[in-house]
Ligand code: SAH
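Let's start with one chain on its own, the form predicted alone, as structure tokens.
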């Protein structure tokens, strides 16, 4: 008999799902329980029952497993962003390494060495970028927080443990100034009000801060007073901007930004590569862990003197510029024009005359470069979560590089793409997992592929 909603069952947890839920079995049926860990013995209330599996919540913990760690965040459960905060970090790393290995074995059909996962140097306070929805509280004053899972219900949060305390303090002060100056929070239901989100960035090395208000309009009332008050209290703020988003949409950022005060971008560096960051810039949110990742990519690329690199999905160019030297030619391809401009400026600051960056779709550019006869020694692929288009992989194979280094934020699509390349004569030598997002479900992986010469 299938499980029924609100039924309470005793459940022993024996594994973890990739979203951080504990998994147990009741009469052969899998039950997923948020906040549970292997070794737990629980009383679980069923909240949703499907044909072959069910979801439950903990009614009572009879015994906790050895990996359990009492969550230290007051909004851990309703927020849901830190799905591993109830787990010791060593066990989180082991779980993520297992997820990567399972994806390549089960989805890629590949048995290859999985190296020990690279832990993040910081497990808290590591995010250099935060996006906080703004809503009016019961008292009408603006407040920030996070949306509860699969909803737009705001969970107020004064200090998220994943972001620097300074950014939490700036967000709270911005809300206080908005209340003082009569600047309204956005109301999603009526599409009225002004400030939709606060976006903050901080350079991990420079300490510079950018504050951006995403607004349902084109200006900010009493903007000069707001900016003066914020910069007087927080000297680290080097840029205050508006992002204009008047659409009735769930997309956070609009296409246009307006500078209120300070400089258009804040400055930082990644692996010695100078970067300039605006509100719309794509940039790794955990700088120390990303620097570890890029070093692992450099080792995997193993470029020799004078050997060339093609960096597809290159973003702001930081990967390619970080893993090549002055005598190693670099071509980067990125579809977002602002990122390409940033990459070119970084290369110019470094005196890298042998680095060129193209604004184009990765697949189309790779096919064109292959027809032009480009034969890079190494190709780096760093695609979005959906992975590579087959056109891109086919163009890479046509260039016949000695090595392909794939950097992926989605082990499932990476396994699929690596399997495709294996059919074109590329042997996957190893997978290197890396944890760039501690306490969350995300995990990165680097795969080194070598061309077989038969």
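Quick caveat, the model's predicted, so the values are computed rather than measured. Residue numbers count along the first chain shown, from 1.
The form predicted in complex with the ligand exists for this protein as well; it is not shown, and the discussion that follows is about that form.
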*Only one of 383, 142, 133, 274 has a non-hydrogen atom within 4.5 angstroms of the ligand in the predicted complex; which is it?*
383
*Which one of 291, 91, 361, 269 is close to the ligand in the predicted complex, taking close to mean a heavy atom within 4.5 Å?*
361
*asked:* Only one of 314-322, 154-162, 167-175, 241-249 has heavy atoms within 4.5 Å of the ligand in the predicted complex; I'd like to know which.
replied: 314-322
*Look up in the predicted complex whether residue 336 has a non-hydrogen atom within 4.5 angstroms of the ligand, and give yes or no.*
yes
*Determine whether any heavy atom of residue 282 comes within 4.5 Å of a heavy atom of the ligand in the predicted complex, and answer yes or no.*
yes
